[in-house]
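Before any questions on how it binds or moves, here is one chain, the form predicted alone, in structure tokens.
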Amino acid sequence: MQYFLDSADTEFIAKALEYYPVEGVTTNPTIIAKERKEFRPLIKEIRSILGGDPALHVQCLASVAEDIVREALAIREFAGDNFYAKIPVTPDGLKAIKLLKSQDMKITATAIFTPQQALMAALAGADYCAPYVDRLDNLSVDGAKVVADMVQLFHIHKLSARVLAASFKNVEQVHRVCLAGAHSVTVGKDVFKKLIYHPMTDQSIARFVSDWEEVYGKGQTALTV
């Protein structure tokens, strides 16, 4: 299981990398635009925070295959190692994926809403396939079931592509796709902060501290008593 940060907020990315088991960062044009920063310096800053190993997924905006290829190659030049070009699953997107794989490009197929889109992208050469879970749920489609079907298709046909589930509005959606067998999830700041939160955890810790301090004194720890 892999956790990615769906964000271009450099302060959040730096903090999350310090505390959590995060494999990398995913972005899209909306996420990038929200930061109101110049594109190239922002991507370079994110890479600097990540270092060399974690993955960085950046989406191409072009809609024609040859233009997508040129854009992906250009972004790779400044996005550093372990870069994945995010490409929507359209006819031109699939063509671009095939062309880019011949140039050793890592690919994340995105804007996926059906298992067949994912299967096509995986067969074209995508390394990750990203279904939009919350958007599916909002269309009265079970997003977690779509993820499960994708996982099963990849397994049946012995494909190496991974499901990178995306678009979450609550922790329950993340939980359901994990149970459905998603290989990875990418989660925005608001939901990510809630993944390990539970009020009973805070209450339990407060009780531990209270009981300890009643005997050993306020501010004392196992290192000082």
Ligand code: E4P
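All of these numbers come straight from a predicted model, not from anything done at the bench. So that there is no doubt, residue numbering starts at 1 and follows the sequence shown.
Unshown form predicted together with the ligand; subsequent notes refer to it.
Contact with the ligand in the model of the complex, judged as any non-hydrogen atom within 4.5 angstroms, is confined among 124-132, 97-105, 145-153, 75-83 to 124-132. Interface residue among Arg40, His157, Lys169, Lys193, judged by heavy atoms within 4.5 Å of the ligand in the model of the complex: Lys169. Contacts between 20-51 and the ligand, taken as any heavy atom within 4.5 Å in the model of the complex, involve only Asn28.
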